[in-house]
Ligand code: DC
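Only one chain is included here, represented as structure tokens and corresponding to the form predicted on its own.
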Amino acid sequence: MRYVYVHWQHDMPEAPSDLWYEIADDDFQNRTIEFYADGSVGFAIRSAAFDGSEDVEVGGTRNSTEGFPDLAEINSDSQFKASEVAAADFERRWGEALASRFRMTTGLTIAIDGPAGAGKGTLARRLADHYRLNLLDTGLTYRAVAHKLLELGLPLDNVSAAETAARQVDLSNLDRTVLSAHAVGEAASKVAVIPTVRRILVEKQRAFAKAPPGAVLDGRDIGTVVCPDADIKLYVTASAEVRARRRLAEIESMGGSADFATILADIERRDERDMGRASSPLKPAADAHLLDTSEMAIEAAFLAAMAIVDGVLAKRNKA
């Protein structure tokens, strides 16, 4: 494959100004993206049918049924400026096109669930950045409640105080550095089992998800409880042993030390608590896409998740 970007200088509002092409080895267009001055987008995906009769076509964009011209031929017309680009640049624009097209009619919500240490937080950040969506680590909302109780010296099972703290949580002002402390995480798991606290925070999380242009939310009950109608649901998991090794490596990279067996026991204990709680237990939604990262580096996991999202968006945009 090779990739080409063409800028078309013109004063016709009905014509695209920025065009991106993925060219197959046979010199025919495989994927085409067209961006218009008013912010609208069109794209096309080549099918197995050589005549283009089965191509996916959205927004009036079509793949040419003729071979792609040489760059010199394109640049011979002063209205056009064409250049080859990297695959990563094309994929970034492809992701923007899919998400932008979908957002023309509705916000886009991506729900990511899974146990601690599976990589869902990093994956959520990468997807939010790629598709230009808002991002919320819902676990931080429970940590914020727990941190407030610890700060005030109040018992973690003080329901009234926990409810008050939950109502005061500001989703736009969650300090990850402070809230990532191990003690806060342990306290958060205990606060999270209080049903009324969960209800208060879930309402806040749902409001966040509805704000334009859409959001990526990661947690443990996003696809099942918080956003059961999310456009895309991912359940990211990994074996407890792999997650424990990752946690140990993270601690050691920061100059600390820890015992693998202790970390593993802590992860298994947390899994049991999260999966066994009566209210909103950790489990994959029935329509979630399963992504096991046990044998995956983060880049491979990101590419796999991106393929899932792009596939869903392409089908819905076609519909």
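One rule holds for the numbers: they count along the sequence shown, beginning at 1. Quantities reported herein were computed from a predicted structural model and do not represent experimental measurements.
Heads up, the form predicted in complex with the named molecule isn't pictured, but that's what we're talking about next.
- Taking a 4.5 Å heavy atom cutoff to the named molecule in the model of the complex, the contact residue among Ser189, Thr237, Ser100, Asn134 is Ser189.
- Checked against the named molecule in the model of the complex, the candidates His130, Arg93, Lys204, Arg198 yield a single residue with a heavy atom inside 4.5 Å, and that residue is Arg198.
- Although the partner is absent from this view, Ile222 contacts the named molecule in the model of the complex, with a non-hydrogen atom inside 4.5 angstroms.
- Residue contact with the named molecule in the model of the complex: Gly185 places a heavy atom within 4.5 Å of it.
- The named molecule in the model of the complex comes within 4.5 Å of no heavy atom belonging to Arg243.
- In the model of the complex, no heavy atom of His289 sits within 4.5 Å of the named molecule.
- Highlighted residues Gly139, Arg270 and Asp274: every one comes within 4.5 Å of the named molecule in the model of the complex, counting any heavy atom.
- In summary, the region of this chain contacting the named molecule in the model of the complex, judged by heavy atoms within 4.5 Å and restricted to 150 to 158, 82 to 90, 189 to 197, 163 to 171, corresponds to 189 to 197.
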